[in-house]
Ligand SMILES: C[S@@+](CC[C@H](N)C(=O)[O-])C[C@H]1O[C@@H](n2cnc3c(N)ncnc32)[C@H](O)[C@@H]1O
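In structure tokens, the next block holds one chain alone, the form predicted alone.
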């Protein structure tokens, strides 16, 4: 169920603590930037808060509690408070859970409209964290080339030496107990061969494991390590070095092949921002801080899957809600501004009636609540 909440995000989280704890896959924050100047189309909003850092910490604490253990936090900010905000989040999430800084280009460098500014600021930023440091973004995969999977491992004497190392069971075969055959083409049970050198020694899980635990075990040993290919065979093969080949080797099965296409932190939404006032349809023009749907769509794609729950504690024009509906996620969105609340309700009506910029009529459930 989607929800639009009118009220203070901190109060809502405190009131619903038991209900929302560990619930959300993604929490997105687009807080006031504390620019120390008046903002908005008519300069009616004074963006100054002497307690900004403490207020943000209170919000971040609640966000951490509300996230699932495999969840993500993404926070929009500009350069005014960027270097103050990261230490605040680090105290709650810990620095090891910081994924990265994503610059977001929102203005064309030649379209300079603020003639009284000291410089033309074209970027905002995303700080992205994960609740647990082992969590990874959701990525599409590049399909593996089967022509490279041509090595066959034949066991001639199935009586290996067995050990437990670093919590994993291993089986050790001497040179006379196995053979490696390179075939002309990939067949069932074939592997791709990787030499453990360069980055594979220091930035690859299998390469690091070999260097840490197997490299000094002997010469030309075939070693089967259970638990290093959990999504494939359930084990991974290694061969130790010899006098001719100074590096170790590991073999990858086709079941676990395919390289993830990683997201980049080179985000450019200048073209979208130019027409952002149209997003959501009539009545949804939110001056001075409206985020493009393409930005929230990017976050939803890398941090969530269909039917996951998302929370936005500074709802604004309702972009997060709209993107969640369009991508089949569930959204709880909160704002303490009455005008923002009305804009979000208008955006929902427009989406149901096909009056959004895309002209599509969406069917969805959405509750409205005032606290």
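Here the structure is a predicted model, which is why all the values come from computation and not from measurement. Residue numbers count along the first chain shown, from 1.
Another form exists, predicted in complex with the ligand; not displayed. Remarks below refer to it.
Though the ligand is absent from this view, in the predicted bound form it lies within 4.5 Å of a heavy atom of just one residue from 286, 173, 237, 149, which is 286. The partner is absent here, but in the predicted bound form a heavy atom of 337, alone among 51, 337, 48, 328, sits within 4.5 Å of the ligand.
Although the partner is absent here, residue 332 lies well away from the ligand in the predicted bound form, with no heavy atom inside 4.5 Å. The shortest heavy atom separation between residue 351 and the ligand in the predicted bound form exceeds 4.5 Å.
For the chain shown alone, residue 62 is not a contact residue for the ligand in the predicted bound form, no non-hydrogen atom being within 4.5 angstroms. Residue contact with the ligand in the predicted bound form: residue 313 places a heavy atom within 4.5 Å of it. Counting a residue when any of its non-hydrogen atoms is within 4.5 Å of the ligand in the predicted bound form, the hits in 1-33 run 7, 8, 9, 28, 30, 31, 32.
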